[in-house]
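The chain below stands alone and is given as structure tokens, in the form predicted on its own.
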């Protein structure tokens, strides 16, 4: 499959373009608002065409596009790509809110095209180990999720500091925590309570409490102002599953997960495989295109995650717990 890339971001150059190639795709064009930067990236990676801006790529002979642009550009460029008959792999979060994600999903359905959110951790095979532990009942009944994802992001020329471009910690790292909590608990939260601190109009940090059915909850924290921290704990009625680096395990990293049964007993280390989740994601995306099947990180899944994020943003504005809106479905 022939791919075009909208933008010359670091994640595209370092991870996703090599992954597409490793999965059997051909990256033939890159578009950039900065033509010089786009040409430099294309030259470094051996991409044959730098047709100009984003729309020039969409009008070229490509089957699929990857969009790693600021969050505020996801909706308009996804819709432009779908209108031109291109399958779309778009960085997370897919949109700025659930309504936008529903609109994008409906457009993909009308055009009979594949639209997926590039939430790469969902494709890492180590998560098969994690989910198997849960399915087999080795922790008992899941009761609570706790987690953190934070790192120091220096102020500067980065869209994550710009509220007009969809910046902020909740969109960037908090979305992973919300996604993982919903995934391991196998359901949707009904109510959220969130608080946040702000710098320059974007959330510098955000703490979340998610209420799930059957007295199950999640306590999550994300931010741009702390030392790097990334972990997840799933507490069950019989044991606790501890997941180091739940979101960024990459090439060659065999990071165990740990089963804790009692404070006075050492945890059992469970080995997990190494993989490039970006490569797995690209391969699964192209498989979905060939077979006409929905990818794991479909627009519907992205919209479900964004409904929780929407409620979190409303909660910190209202300084109160708010319900999570139900799914609306394609319009």
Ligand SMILES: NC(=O)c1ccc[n+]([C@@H]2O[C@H](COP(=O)([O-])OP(=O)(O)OC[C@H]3O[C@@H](n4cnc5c(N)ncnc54)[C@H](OP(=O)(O)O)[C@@H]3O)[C@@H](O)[C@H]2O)c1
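Residue numbers count along the first chain shown, from 1. Please read all numbers here as calculations on a predicted model, not as lab measurements.
The same protein has a further form, the form predicted together with the ligand, not shown here; the description that follows concerns it.
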Proximity to the ligand in the predicted bound form, single hit among 212, 176, 123, 205 (heavy atom within 4.5 Å) | 176
Note which of 183, 258, 127, 159 lies within 4.5 Å of the ligand in the predicted bound form, where distance is taken over heavy atoms; exactly one does.
-> 159
Is the gap between residue 322 and the ligand in the predicted bound form 4.5 Å or less for some heavy atom pair?
-> no
Would residue 33 count as touching the ligand in the predicted bound form under a 4.5 Å heavy atom rule?
-> yes
4.5 Å heavy atom contact, residue 118 and the ligand in the predicted bound form | yes
Using heavy atoms and a 4.5 Å limit, would one call residue 74 a contact residue for the ligand in the predicted bound form?
-> yes
Looking at 218-226, 164-172, 129-137, 101-109, which lies within 4.5 angstroms of the ligand in the predicted bound form, counting heavy atoms?
-> 164-172
May I ask whether 37, 54 and 92 each come within 4.5 Å of the ligand in the predicted bound form, counting any non-hydrogen atom?
-> yes
